[in-house]
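Quick heads-up: it's one chain on its own, the form predicted alone, in structure tokens.
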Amino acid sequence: MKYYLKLGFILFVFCAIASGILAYINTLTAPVIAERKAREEEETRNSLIPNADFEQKVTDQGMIYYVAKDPAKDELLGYTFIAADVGYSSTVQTMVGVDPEFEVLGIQVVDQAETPGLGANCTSPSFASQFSGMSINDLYVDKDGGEVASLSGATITSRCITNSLRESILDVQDEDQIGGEQ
């Protein structure tokens, strides 16, 4: 019995030391990771609506979105935000840019862990490019009567992205009407 207690204590000490080292490394890397993610989101916003100043806003539901304005003329160029929903095997986060009439300017999937070769193809430019110019009423996959060609073998991921875009655009549109941004 004494032998097993000794082994258990040694194992406990090793686990405590390893956990402490991992926690310390996490405190060092967490700010770097957060800064990198914020920079990537800013670059994505700038690629969706170039040459704009962005002002952060929050909807009543707690969703963060950005109002894009022309810095020279102070006129509204559109909105950007991250739409997220659960896909086949992960939460898919998609940044979208919309114009003042809430038509899609472009999208970019910023975070996903879908099945490689199937749902992960949602990051391809050919999939994202089909959303440009779509209105809220067009944001349904082809299998649901919409205009978005779903990914082969990944209808759930395609549906997840289109549904999250449509719902998030409606949230921002409702907030815009309440706030009177236009």
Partner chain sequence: MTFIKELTKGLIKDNPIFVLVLGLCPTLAVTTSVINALGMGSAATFVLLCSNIIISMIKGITPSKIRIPVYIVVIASFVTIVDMVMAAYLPDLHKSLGLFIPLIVVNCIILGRAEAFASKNNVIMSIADAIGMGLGFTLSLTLIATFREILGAGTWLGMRVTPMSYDPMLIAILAPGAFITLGFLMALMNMIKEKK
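Positions refer to the first chain, counted from 1. This structure is a prediction, so every number in the text was calculated from the model and none was measured.
Another form exists, predicted together with its partner chain; not displayed. Remarks below refer to it.
Hey, in the predicted complex, is D111 touching its partner chain, heavy atoms inside 4.5 Å?
-> Because a heavy atom of D111 falls inside 4.5 Å of its partner chain in the predicted complex, the answer is yes.
May I ask you to state whether R36 is within 4.5 Å of its partner chain in the predicted complex, using heavy atom distances?
-> Yes.
Is there a heavy atom of T29 no more than 4.5 Å from a heavy atom of its partner chain in the predicted complex?
-> Within the cut-off, so yes.
Distance check, L118 to its partner chain in the predicted complex, heavy atom within 4.5 Å = Yes, L118 sits close enough to its partner chain in the predicted complex that at least one of its heavy atoms falls within 4.5 Å.
Determine the residues of 14 to 29 with a heavy atom within 4.5 Å of its partner chain in the predicted complex and present them in sequence order; the list may be empty.
-> In sequence order, F14, C15, A18, I21, L22, I25, N26, T29 come within 4.5 Å of the partner.
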